[in-house]
Structure formats: C-alpha cells, structure tokens
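Here you get one chain, nothing else, as structure tokens; it is the form predicted on its own.
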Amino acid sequence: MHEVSVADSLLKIAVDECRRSGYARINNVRVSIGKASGVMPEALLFAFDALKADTIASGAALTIEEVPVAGHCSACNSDFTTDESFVLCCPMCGSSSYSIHAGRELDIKDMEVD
C-alpha cells in the first residue's frame, strides 16, 4: 500500500510550506489525483488521517479531486476522456496510436490554513 508513503509526502510538503509561510495550522489540503496515477483515493484518505495526528494538520481534511484519463488519438484525430484507469486503445476507434495528456497527476492544489 504505497498510499502511506504518498500521504506522508503530502503531509510533509503541506506542513513545510505552511510553516515557511508563517501559518500555525492546516485546515484542509486539496489534491488532484489522476485515475491512472495508481493511487487509491480511499486508501490515501485513510493513510492521511492516520498520519496527521501529531502534526499541525491534525484537524485537517483531505479533499480529493479525481482527474479522468484524457488523451489524443493520432489514428482518428480524436480527443477522448474516460473514467477508466487503464487505456489500452483509443475508445473511439480502437487504435493503439494514442497519447495520454491527463490522468496521471498527483498535485497539491491548495490548502486552507490559519
């Protein structure tokens, strides 16, 4: 379950940034996670809640925005979006000549702090 190390990294980044900016408490951390990132949102929430206890984020919520997989097929010249985690072929024409341009991200979007 690599979500524990992902949650630990998110917390460290959030806490470091919060302290560097002079804030004392984190109330919410909003992240975007691509469907093809390999991160399970429920497991990440569980890990975040377990790890935040003795930090300035102890009362913080983790808000997750899932990003669908999006790409472009060079065979049919179509842009596509899918909620599937894995794309093996273009959902429009079945070609394997496609590129993915969204759905792999794992980004901290913003934080609410005091």
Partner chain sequence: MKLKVASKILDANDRIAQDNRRIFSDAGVFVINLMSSPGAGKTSLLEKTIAGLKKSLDIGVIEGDITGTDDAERINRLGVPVVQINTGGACHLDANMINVVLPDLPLDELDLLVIENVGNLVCPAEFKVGEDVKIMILSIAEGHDKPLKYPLMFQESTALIINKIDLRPFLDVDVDKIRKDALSLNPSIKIFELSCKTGEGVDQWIAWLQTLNS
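Worth saying up front: this structure is predicted, and the values here are computed from it rather than measured. Numbering follows the first chain given and starts at 1.
The next section is about a form of this same protein that is not shown, the form predicted together with its partner chain.
Engineer: Mark A53 yes when one of its heavy atoms lies within 4.5 Å of a heavy atom of its partner chain in the predicted complex, and no otherwise.
Structural biologist: So A53 does not count as contacting its partner chain.
Engineer: Quick one: does L106 come within 4.5 Å of its partner chain in the predicted complex, counting heavy atoms only?
Structural biologist: L106 belongs to the contact set for its partner chain.
Engineer: Would you classify V67 as touching its partner chain in the predicted complex, given a 4.5 Å non-hydrogen atom cut-off?
Structural biologist: Although its partner chain is absent here, V67 would stay clear of it in the predicted complex, with no heavy atoms inside 4.5 Å.
Engineer: Even though the partner isn't displayed, in the predicted complex is S78 close enough to its partner chain, meaning a heavy atom within 4.5 Å?
Structural biologist: S78 lies outside the contact set for its partner chain.
Engineer: Identify, from the list A60, C73, V31, A47, the residue with a heavy atom within 4.5 Å of its partner chain in the predicted complex.
Structural biologist: Selected option: V31.
Engineer: Sequence order please: the residues of 77-112 with a heavy atom within 4.5 Å of its partner chain in the predicted complex.
Structural biologist: Counting only heavy atoms within 4.5 Å of its partner chain in the predicted complex, the contacting residues of 77-112 are S85, F86, V87, L88, Y98, R104, L106, D107, I108, K109, D110, M111, E112.
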